[in-house]
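There is one chain below, alone, in structure tokens, taken in the form predicted alone.
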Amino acid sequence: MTLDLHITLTYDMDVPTDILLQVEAAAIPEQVIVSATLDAPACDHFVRVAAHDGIGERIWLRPSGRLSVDYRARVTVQRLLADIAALPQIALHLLPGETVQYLFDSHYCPATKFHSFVETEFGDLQGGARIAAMRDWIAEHFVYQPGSSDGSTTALDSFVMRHGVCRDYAHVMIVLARASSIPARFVSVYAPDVTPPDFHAVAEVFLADPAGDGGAWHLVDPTGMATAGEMVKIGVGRDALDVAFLTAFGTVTLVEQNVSVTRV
């Protein structure tokens, strides 16, 4: 599947402000960047640094006045897909070292508070079958409601309120997986059919690799708006705190934001 991306961001600031930007499609084996351009105004600095787990890049900018960013890309997704429900879990002592951090609590994902719930609700299931059941449980019990959460909303808050947006759905999916001793991380993606059009957030879980020995990361979208074969990864992290598309180290005002993702 090939997708065209067009993202525009416009922010105003009164003084020169350090900005950390992460909007570009990640250059990784499961997706080929056919073409890409990023236009931004002249800044005091423009520096690329590796993003979390080496997936994608962040850009340090220091603009003043108005920051206008225009990103265009064509990306072909060539991800190997699997039936999540059929995948076995990886024994904890066999997990690669880099996955272990995704078993623990993080800023928005207090997984240890969910142990009793997952054993009561999903205790008769294991591995991918449990992940599929948790994904379906979230889809059934949550209402997608734009504006119902903010930057302070945790997975526990969302679980209690039973509503939220994609980041909240992803956070709940992550805590349920981690509480089941399955590594889970937050993934920022582009995908068509996201309503309203915007940056999209999903979860990724570490289960058996159907293509060989060991394990692999598998995308899961509890909102049901995107499929793994049509997602372009931007970055990954422990939760949304690690993968914000824009982090300002100062005061900025949003003027305009547009995200367009279309099938070629």
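In this text, all values refer to a predicted model and were calculated from it rather than measured experimentally. We number the residues from 1 along the sequence you see.
Unshown form predicted in complex with a further copy of the same chain; subsequent notes refer to it.
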Though only this chain appears here, would Leu241 touch a further copy of the same chain in the predicted bound form if you measure heavy atom gaps against 4.5 Å?
yes
Just to confirm, Phe114 within 4.5 Å of a further copy of the same chain in the predicted bound form by heavy atoms?
yes
Quick one: does Leu125 come within 4.5 Å of a further copy of the same chain in the predicted bound form, counting heavy atoms only?
no
Would Val49 sit within 4.5 Å of a further copy of the same chain in the predicted bound form, counting heavy atoms only?
yes
Checked Ala139, Ala86, Met161, Leu80 for heavy atoms within 4.5 Å of a further copy of the same chain in the predicted bound form; positive is Met161
Since the chain is shown here on its own, which stretch among 226-234, 39-47, 205-213, 26-34 would lie within 4.5 Å of a further copy of the same chain in the predicted bound form, judged by heavy atoms?
39-47
Partner contacts in the predicted bound form for 248-264 (non-hydrogen atom within 4.5 angstroms of a further copy of the same chain):
Phe249
